[in-house]
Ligand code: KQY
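Okay, so here's just one chain, in structure tokens, the form predicted alone.
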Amino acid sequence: MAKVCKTKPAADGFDMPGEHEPHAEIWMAWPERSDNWRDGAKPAQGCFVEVARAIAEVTPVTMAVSAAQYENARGRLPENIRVVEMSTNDSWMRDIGPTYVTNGQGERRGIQWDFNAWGGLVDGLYFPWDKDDQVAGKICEILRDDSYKAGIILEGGAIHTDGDGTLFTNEECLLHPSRNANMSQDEIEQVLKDNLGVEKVLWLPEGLFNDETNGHIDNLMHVVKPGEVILSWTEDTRDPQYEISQRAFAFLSNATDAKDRTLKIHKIHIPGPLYLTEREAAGIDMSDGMEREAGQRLAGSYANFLITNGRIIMPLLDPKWDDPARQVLQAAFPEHEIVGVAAREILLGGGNIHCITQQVPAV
């Protein structure tokens, strides 16, 4: 039986493996919110199917689906993808699923963060978020994995680890007053060390321009392996992203990781800039929390890819920049197969391929 441990993962000898390490499976959640996904979420559902299909060729996939959408999802997804009924408020599995830690002795445990829809009543994107907040615990129950409750508001997209003692995050997100306003940076860092078994936390200043998650790290950068990262980039000095990328590059260039390595940085040019079209905006139901208006700048990023079992699933977002992005990824991951999936429909909802997936490490 799965139990909730009263201790801390690091004290129990557990730490968070890097995404480049082997996976047992990937979890996703089926999109259906009509105030986030256009045209009744049908275009987004088609995109989720293609992402799941690309992953399932190398890693088993489980799709969490509401009772109302179960029959539709089961009919649209390939037979080799497991479909389980689970209530959610939306479909960002990276942020609502458990973050896993392992102990190098064949054991894994999940971490249940507290979820408040990226800002709660301050600047959260929807209310309620109670079903999303239960997802991590439910997945640990289904997989019979013990878990921990970290007792801090945090989303999986707000952290990256190299699996070798270093955690990457940023101040804009984790220090935002809508997350853990009663905690100092030092206190938050200690919670991260206690729960993820990391030795050093690198705090970048901010996230990608106009990212409604308050700047998740996974939209700005990704970890290739210990000592090596990929960073979203632009050479356009008029783009607000230019200064953000410059500051991030300066920070990473002057940083050392937990093992005192300097970092090799691969620059990956952002798509676009991309904007929500009038036709796309017209297909989205109006709501209080999420701004979905024609002309809105989309937080497009090629850093928002998934690494899984020898394959990179990357978003295809802009014909001008898709191939250069693929070349950067192939150079960074010479042993991996790079598979692109047309992902604008995911971007319209506020994230991308990394955001809609959460890995369970192999042990």
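The shown structure was predicted, so the numbers you read here are calculated from the model rather than taken from an experiment. When you see a residue number, it is the position in the sequence shown, counting from 1.
From this point on, the text means the form predicted together with ligand KQY, which you will not see here.
Enquirer: Using a 4.5 Å heavy atom cut-off, indicate which stretch of 205-213, 248-256, 279-287, 81-89 touches ligand KQY in the model of the complex.
Expert: After filtering at 4.5 Å, what remains is 205-213.
Enquirer: Are any of the heavy atoms in G349 no more than 4.5 Å from a heavy atom of ligand KQY in the model of the complex?
Expert: Contact with ligand KQY, yes.
Enquirer: Does N36 reach ligand KQY in the model of the complex if we count a contact as any heavy atom within 4.5 Å?
Expert: Yes, N36 is a contact residue.
Enquirer: Residue-level question: is W118 within 4.5 Å of ligand KQY in the model of the complex, judged on heavy atoms?
Expert: Yes, W118 is a contact residue.
Enquirer: So, G157 and ligand KQY: in the model of the complex, are they within 4.5 Å at any heavy atom pair?
Expert: Yes, G157 is a contact residue.
Enquirer: Of L77, L196, V224, L125, which one comes within 4.5 Å of ligand KQY in the model of the complex, counting heavy atoms only?
Expert: Exactly one residue meets the criterion: L125.
Enquirer: For the stretch 291-305, I need every residue with any heavy atom inside 4.5 Å of ligand KQY in the model of the complex, listed N to C.
Expert: Heavy-atom contacts to ligand KQY in the model of the complex: only R292.
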